[in-house]
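What follows is one chain in structure tokens, specifically the form predicted on its own.
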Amino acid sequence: MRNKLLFFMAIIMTLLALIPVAAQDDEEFIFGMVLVGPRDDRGWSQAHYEGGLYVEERIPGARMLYFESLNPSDTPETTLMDVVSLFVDEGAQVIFTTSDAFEEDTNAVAREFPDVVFINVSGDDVLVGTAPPNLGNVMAQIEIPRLIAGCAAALTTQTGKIGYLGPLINAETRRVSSSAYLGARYCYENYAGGNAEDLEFKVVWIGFWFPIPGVTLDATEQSNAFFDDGFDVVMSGIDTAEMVIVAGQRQQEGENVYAIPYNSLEGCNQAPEACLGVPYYNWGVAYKSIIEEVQAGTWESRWDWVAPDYEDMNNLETSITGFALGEGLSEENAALLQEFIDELVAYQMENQDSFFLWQGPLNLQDGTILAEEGETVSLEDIWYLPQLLEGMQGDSE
């Protein structure tokens, strides 16, 4: 019993050390942020952390509690229940769990705290009808900026070989990488003057959202392997930006190679000259709206797959996601990319129930028809995409 008590006290002390402390104020609105990785990863977790800072800056009295790197490698003995219990004890009224890795546990924990609103990012418990009434889901339609990223890669490649470094395999990562492929294939033929059938687009999955030594593939090694094999653009679907660092290093050695990171506006910073741009999340827009609804007593459980602001996808006050141009993109290719973006936006403004380029003829990797000629793929079928698309290299399961 004594050993169990000491163990539990150790967990509590660790959690308390990681949660920011501020003076209690009757006007405060406290919310919690649970991150799967570090808050400064220049990727997924940093984008969520910055979303919390966005809320603090724009809602008077808002204060964020956060716990970073809740995953089996960094904090193996800490559970979501441990973190949420401390957040609730501190007065949190809304808690964001920012990964599909937390989806199952969020559903269970939310039932234990019915007076707290839980938002699981990227999950679909509400959509499938398994969520308690105090649980909601939110995800950005990052597929749109991923189309743009794929186009930037296709405009830049000289070898016709684009590598894609993916995390683990699920419906989300399949549809996101497939959007990148569709953008690349379209622009390679329609803007770069190539033959779409000659474009090589290869996906390698590292095994988790970010590299874990001894558990996943090494992202730096795999980025180098892509470049060694003649791929001159490496795109990212993982939380961190190793491929940008590697591309920058190889550029300094005289190689004409580039990278496209993912998730955060900070993604290009480590080697700007090698970065073609970054599809990024601006979670603060959604988080602010949710918290304001909770404060007003109007929030209701729902599943939100939020589109960008097509009037200006890079407006940080209105758009949940966008694409920031990188220094590595030439002026000529930036102009061509803008033509593609204009074409994409024109389509999306007229078609809110489908995504640009997700039209037939389109097959899954095993040849199964996804959409016949003239048909569009429904948003639900994109959300639950069961395989990569035909023409992509890499595992679907």
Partner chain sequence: MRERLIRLGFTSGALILALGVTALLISMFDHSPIDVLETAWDGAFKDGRRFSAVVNFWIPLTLASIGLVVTFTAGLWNIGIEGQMIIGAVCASWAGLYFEAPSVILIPTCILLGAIGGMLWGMLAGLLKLRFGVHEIFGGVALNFIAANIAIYFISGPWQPPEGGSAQSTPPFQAAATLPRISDDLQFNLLFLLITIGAIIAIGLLLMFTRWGLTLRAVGKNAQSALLLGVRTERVTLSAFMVCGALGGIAGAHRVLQAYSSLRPSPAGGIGFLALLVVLLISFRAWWVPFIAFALAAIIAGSTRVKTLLQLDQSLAGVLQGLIVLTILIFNGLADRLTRKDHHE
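Bear in mind that the values here come from a model prediction, so they are computed numbers and not experimental data. Positions refer to the first chain, counted from 1.
One more form of this protein, predicted in complex with the partner chain, exists but is not displayed; see below.
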query	finding
Interface residue in the predicted bound form among F226, W209, F118, Y181, criterion: non-hydrogen atom within 4.5 angstroms of the partner chain	W209
Contact assignment for the partner chain in the predicted bound form, among T159, N315, N256, N170, heavy atom within 4.5 Å	N170
Non-hydrogen atom contact E221 with the partner chain in the predicted bound form at 4.5 angstroms	no
Contact test in the predicted bound form: Y66 vs the partner chain, heavy atoms, 4.5 Å	yes
Contact label in the predicted bound form: G297 to the partner chain, heavy atom within 4.5 Å	no
Y280, heavy atom within 4.5 angstroms of the partner chain in the predicted bound form	no
Option from 79-87, 258-266, 285-293, 233-241 whose residues, in the predicted bound form, bring a heavy atom within 4.5 Å of the partner chain	79-87
Residues in 93-124 close to the partner chain in the predicted bound form, defined by a heavy atom within 4.5 Å, in order	D100, A101, E104, D105, E112, F113
